[in-house]
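Laid out below as structure tokens are two forms of one and the same protein chain, each shown alone and named structure 1 and structure 2.
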Structure 1
Amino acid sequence: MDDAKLNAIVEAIVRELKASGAVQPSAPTAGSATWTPPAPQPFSAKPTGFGGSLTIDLPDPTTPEARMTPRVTNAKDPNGVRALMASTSARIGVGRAGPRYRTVSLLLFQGDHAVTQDALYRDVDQRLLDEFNLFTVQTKVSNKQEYLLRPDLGRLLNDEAKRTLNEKCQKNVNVQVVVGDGLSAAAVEANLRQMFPVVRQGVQSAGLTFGTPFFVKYARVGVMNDIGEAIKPDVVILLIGERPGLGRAESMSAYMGYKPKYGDTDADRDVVCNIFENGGTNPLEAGAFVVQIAQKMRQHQASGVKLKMAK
């Protein structure tokens, strides 16, 4: 086929597209005889979205329906894809646009990342701490940025915290419950109201003494050692926010240790993790389970690896 025939075919296709409205006629360009500069448009000092009304023309990609919608085109087994997606929170069945993610997948990723950042950088709501009469002490960390860069300082109480614990806390109790922000304030807020009363009631129903609960700001798990040295409880239970995943910021853990002291490591501790409703360990069940573990710790005078060996 020569160039003349090819050009004729292209021109015929373009004419059809223009006639159907799929393609708009090209505007004259600067420098052509028919080109005229566009008329100046009035400037708006109050653009949409800054004090005016904001129109959102995209669906929310974070809804459960949007998350569970398969994006794979021409799937051999569409029902199989849906079943796989329902069985895991992993990002499968998202499809692709060429070698790249689809726009909806990218927007969901960015939205979930924003949830993670919010959980990580904000503080636990003071109203929640007041609700449970939790006074606050702090580790040797001075701000959130230092908390992320210096986990070693998050394992140590500052001097004022040690003085406060000495003044306000009962000593030598059977069970001491501590709440720490950890890496997710959202996790504490999502689970504390359900789990804390179960733990307190369970400890008291078992005939054990329940220590004065308090909150530790900028807490790492290792702060249990300093707490154990300061007030000498039999068992320390630390309810702390877990490292948030993409779109999963409400997961809390309960770390436990028998008479924690300087030098103790993760091998000396037990943990009930992934505490959250709808997919994790239910906080009510977790509370009851934690009390059972505390009783076993006191019975065998051990925790962590030593407790497992004693069973």
Structure 2
Amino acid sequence: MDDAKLNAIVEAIVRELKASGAVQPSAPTAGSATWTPPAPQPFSAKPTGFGGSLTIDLPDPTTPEARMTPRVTNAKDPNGVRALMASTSARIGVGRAGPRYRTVSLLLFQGDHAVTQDALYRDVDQRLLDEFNLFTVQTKVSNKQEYLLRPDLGRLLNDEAKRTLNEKCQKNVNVQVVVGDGLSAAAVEANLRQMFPVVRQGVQSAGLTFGTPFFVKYARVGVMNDIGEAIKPDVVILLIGERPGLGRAESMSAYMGYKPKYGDTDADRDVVCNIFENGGTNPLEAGAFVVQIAQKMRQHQASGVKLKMAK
């Protein structure tokens, strides 16, 4: 799709949503304003009596500026180190203590891993689900450990879920949106408020029916097949948390399929991945994009590889 067209769609939808008060504009983010690193301080062991006067009040080491601080001591070309660091998001220019990492770099790595772990092992905030009136159904998985060990069970709705969908959901709709926890609760929490209203508004503006949305706990992408069989929608859009990268737990994907059914695989699906603000696919844009894909799927009555062949 060409960018101009996409931007126009996004802007139109966002305008409508803002007018209706459905989304708040996101706060402006710190730009790449010039930033000067502090001069290195020589170590001096001043014999201060700390006593009760010790105050430690640290800035966040995870800001882009802090991450880009060169840690090489006595570099041959300090500006060169800075330039090299600017060329990649990899952790270079970190210096060393003997052959090991410097303390700040070590702790930053551990902090990034920690936030990732926390995202994996907790549930999506119920208040967020309530905000969008998403009721919860569950796959055949019964706990987090089983979720990680048995991807096959995460692809199947449990019997109660099938009954619930049968009772509560409108059938044979044009577009069915489903939210799944996947491997990151944080991803759903970071993006749903922005993306969900855009998708709903976009579907309705296009004159399509919007199925009763719901949340699937312990979901894998393949659960789309069971949902397709239960509700018989034209298109299923599954918004699901991705496997977290180090220090990046907020990345969400939108998996989509045309009339998903038993036996469908990734080859039958389309995906918009890396959805997150500041660096990824912006969730507002992603919302408009998936609506357009849904329309294409309906037009060509196909998704995945078949949709590519049809175009």
Partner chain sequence: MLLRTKLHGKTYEFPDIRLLMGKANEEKSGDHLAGVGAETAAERVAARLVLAEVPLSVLRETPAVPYDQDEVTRVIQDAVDESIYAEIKNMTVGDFREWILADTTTPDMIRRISNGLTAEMVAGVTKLMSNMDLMYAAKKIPVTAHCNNTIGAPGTLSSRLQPNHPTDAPEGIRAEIYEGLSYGSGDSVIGINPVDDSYGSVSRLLDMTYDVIKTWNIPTQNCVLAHVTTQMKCMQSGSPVGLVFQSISGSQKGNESFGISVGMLDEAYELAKKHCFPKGPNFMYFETGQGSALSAEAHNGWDQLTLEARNYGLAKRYHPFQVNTVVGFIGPEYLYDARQIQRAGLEDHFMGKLTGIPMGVDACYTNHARADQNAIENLAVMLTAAGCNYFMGVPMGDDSMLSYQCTSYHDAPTLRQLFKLRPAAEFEKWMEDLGLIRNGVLTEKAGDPSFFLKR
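Here, a residue number simply tells you its place in the sequence of structure 1, counted from 1. Keep in mind that what you see is a predicted model, and the values were worked out from it rather than measured.
- Only structure 2 is derived from the form predicted together with the partner chain.
- Figure legend: rigid-body motion between structures 1 and 2; of the candidates 109, 70, 86, 77, the hinge maps to 109.
- The chain behaves as two rigid parts between structures 1 and 2, and the smaller of them turns through 15 degrees against the larger.
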